[in-house]
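Presented below, as structure tokens, is a lone chain in the form predicted on its own.
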Amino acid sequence: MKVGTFPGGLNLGSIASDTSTFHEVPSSGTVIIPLKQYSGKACEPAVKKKDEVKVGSIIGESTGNDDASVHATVSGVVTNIFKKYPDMKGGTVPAIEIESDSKNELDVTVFEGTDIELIQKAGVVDLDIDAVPLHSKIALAKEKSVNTLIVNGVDVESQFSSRAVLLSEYAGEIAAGIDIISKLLGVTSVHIGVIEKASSAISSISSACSTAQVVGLKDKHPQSLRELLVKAILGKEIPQGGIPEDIGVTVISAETALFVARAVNDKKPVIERFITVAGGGLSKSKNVLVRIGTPIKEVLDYCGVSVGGAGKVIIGGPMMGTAIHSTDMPITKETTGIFVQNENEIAEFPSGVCIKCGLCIDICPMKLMPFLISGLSEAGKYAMAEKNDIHGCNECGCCSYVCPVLIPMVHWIKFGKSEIRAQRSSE
């Protein structure tokens, strides 16, 4: 079996993780379901206050290429429709609150249409760091005549194991979804990237999907990012500022393939997420299946993590994730995992001065100069930061991790990007 990797990055060592099947978190008494859980525009509400809904009922309907349908994840009554509800990115989105009747009655409405229409109606998005409506991504790939499909079976961060377990436990459904997507795109080759030490995942998906090439990958952070998967698997570079589709490749996650199979073959919408919960005193991470809209505090409580003792709750992992201000926030399609830091684990960042050691340059998988673009952002020199490719940074956190004077480079790079976006939106 081929083994691939990429230059730069970090070997974070062996981290205890749960390799058993998923534990199902009980459905919540009240769920809050955002009408935007992806990159794109929010859906319009398809229900009113006091409407009764069932599991799978459409509460936000997709009408274009830049949105994805949203469904009820419990049966019950719509108790509130928020115009502005906080999201994990610091903004606000419309959302719908449903009070559960604890019956979990299913909506028996049957979706109809072509495969791509079923994917859209089921609300399938590419369940990855940058979630986008899948029907939109497929349309772009067809427009650019993509001929290669890469399935991302690498967990978002080293502390997580949900993708490896999915490939092991749900290989048949994932293979069926890969087949559907391959036919929609008309690709000539399919590659599945899996960390080489995940032997059960490699064995299961290799047997279930014999038409694809399974590629073992070095356990190196941030191997899960699409640019680095393309480099490790195909040996190709994506042009600066470009996307995989520019070089004839599209990348989807393993869980996306699973939900495609369920949408097309079983007519089931996306109402749940397979994620890992790690940190917070857990001896090893825990894989859970949780319904969208469930408050994060309920997931943590189920996993035995004390919210009261948590210093930070991070969505997406300690290296690339985003700390949230409240555990009342719900699980969404964009939740790739949960990592909890206790108070005594939170590092303080002093006002360090860059010593120009070059470690951040050596480690950067995107071949940038992190010390320079973060320093320019800190100084408010955003035009210069752009000239030095601040947008080429994938915010993997490697530079901050190795910095001997603890400069929070990713923080300043994210800040610089947000300031640039704000300036452009006001022009």
Partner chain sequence: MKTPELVVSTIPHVHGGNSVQKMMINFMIALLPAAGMSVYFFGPGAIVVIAISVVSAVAWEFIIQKVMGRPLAISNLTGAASGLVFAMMLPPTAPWWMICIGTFIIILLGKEVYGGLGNNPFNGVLIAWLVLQMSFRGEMAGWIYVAGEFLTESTPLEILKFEGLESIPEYFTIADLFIGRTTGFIGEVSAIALLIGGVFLIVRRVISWHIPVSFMIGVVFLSGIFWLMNPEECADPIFHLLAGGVFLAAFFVATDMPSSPTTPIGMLTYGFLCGLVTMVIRQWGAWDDGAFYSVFLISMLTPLLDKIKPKAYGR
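Residue numbers count along the first chain shown, from 1. These figures come from a predicted structure and were not determined experimentally.
The same protein also exists as the form predicted together with the partner chain; that form is not shown, yet it is the one meant from here on.
### Task
Just one of 321-329, 200-208, 109-117, 256-264 has residues with a heavy atom within 4.5 Å of the partner chain in the predicted bound form, so point it out.
Every other range fails; the passing one is 321-329.
### Query
Is there a heavy atom of residue 358 no more than 4.5 Å from a heavy atom of the partner chain in the predicted bound form?
Yes, residue 358 sits close enough to the partner chain in the predicted bound form that at least one of its heavy atoms falls within 4.5 Å.
### Query
Though only this chain appears here, would residue 196 touch the partner chain in the predicted bound form if you measure heavy atom gaps against 4.5 Å?
No, residue 196 sits far enough from the partner chain in the predicted bound form that none of its heavy atoms falls within 4.5 Å.
### Query
Quick one: does residue 411 come within 4.5 Å of the partner chain in the predicted bound form, counting heavy atoms only?
Judged by the heavy-atom cut-off of 4.5 Å, residue 411 is in contact with the partner chain in the predicted bound form.
### Query
Would residue 177 show up as a contact with the partner chain in the predicted bound form if we use heavy atoms at 4.5 Å?
Outside the cut-off, so no.
#### Entry: Contact assignment for the partner chain in the predicted bound form, among 354, 81, 289, 140, heavy atom within 4.5 Å
Comparing distances to the partner chain in the predicted bound form, the residue within 4.5 Å is 354.
### Task
Could you spot which one of 238, 132, 77, 282 gets a heavy atom to within 4.5 Å of the partner chain in the predicted bound form?
Of the listed residues, the single hit is 238.
### Task
Report whether all of 148, 420 and 424 sit within 4.5 Å of the partner chain in the predicted bound form, measuring from non-hydrogen atoms.
Answer is no for this spot.
### Query
Does anything in 380-414 come within 4.5 Å of the partner chain in the predicted bound form by heavy atoms, and if so which residues, in order?
Read in sequence order, the residues that approach the partner chain (within 4.5 Å, in the predicted bound form) are 387, 388, 389, 395, 397, 400, 401, 402, 403, 404, 405, 406, 410, 411, 414.
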